[in-house]
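In the block that follows, a single chain appears as structure tokens, in the form predicted on its own.
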């Protein structure tokens, strides 16, 4: 069974997806890790992140293996190696290359082919897994998402301005919704969940109950 959770930045998709997978006994598919892996491989191979053709060729040659939250590339485990700042920056660059997205979409489908999976992102239910058994679209107002981010940063001792964060979120929402490749939008059959006024545990309970109902219907 495949469960997808899509939605804009700042809605807590990753946290909810991991927790939902744990509750259901499913695996959590960290799709962002795949893009990080491509960036890591390019940096390791001294491939310029502006060299689109070589990046695409490299991505298509890579062998991915995903087991219990651990990622191997060409038989080398990279789970921790792909978490550096340079890799994070590189991942955002390779993720906008259409051919890379196409190749990694297929990798995600192969990983999920024989597993019970919870996966999150912006196009999981619309592009990657259009036939998923259960699809959620998690949203919250821009103001609430900015408030959460502001509290997260200030609790970490970092300086932050609410209005600046709010503006950044609105700009990213607009970019995600209007981009040519896999624009952010709910799948036609997605269940819409507005978490603006809901505590995280309430959101998780709601998703778990719905997923269990969908699982029972599919049997």
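Note that the structure is a prediction, hence the values are computed from the model and not measured. Numbering follows the first chain given and starts at 1.
From this point on, the text means the form predicted together with 2'-deoxycytidine-5'-monophosphate, which you will not see here.
This chain is drawn without 2'-deoxycytidine-5'-monophosphate; in the predicted complex, the residue among 179, 65, 60, 53 with a heavy atom within 4.5 Å of it is 179.
Stretch-level contact check against 2'-deoxycytidine-5'-monophosphate in the predicted complex with heavy atoms at 4.5 Å: of 144 to 152, 68 to 76, 90 to 98, 131 to 139, the positive one is 90 to 98.
Using a 4.5 angstroms threshold between heavy atoms, residue 32 counts as touching 2'-deoxycytidine-5'-monophosphate in the predicted complex. Although the partner is absent here, residue 83 is a contact residue: one of its heavy atoms lies within 4.5 angstroms of 2'-deoxycytidine-5'-monophosphate in the predicted complex.
In the predicted complex, at least one heavy atom of residue 172 sits within 4.5 Å of 2'-deoxycytidine-5'-monophosphate.
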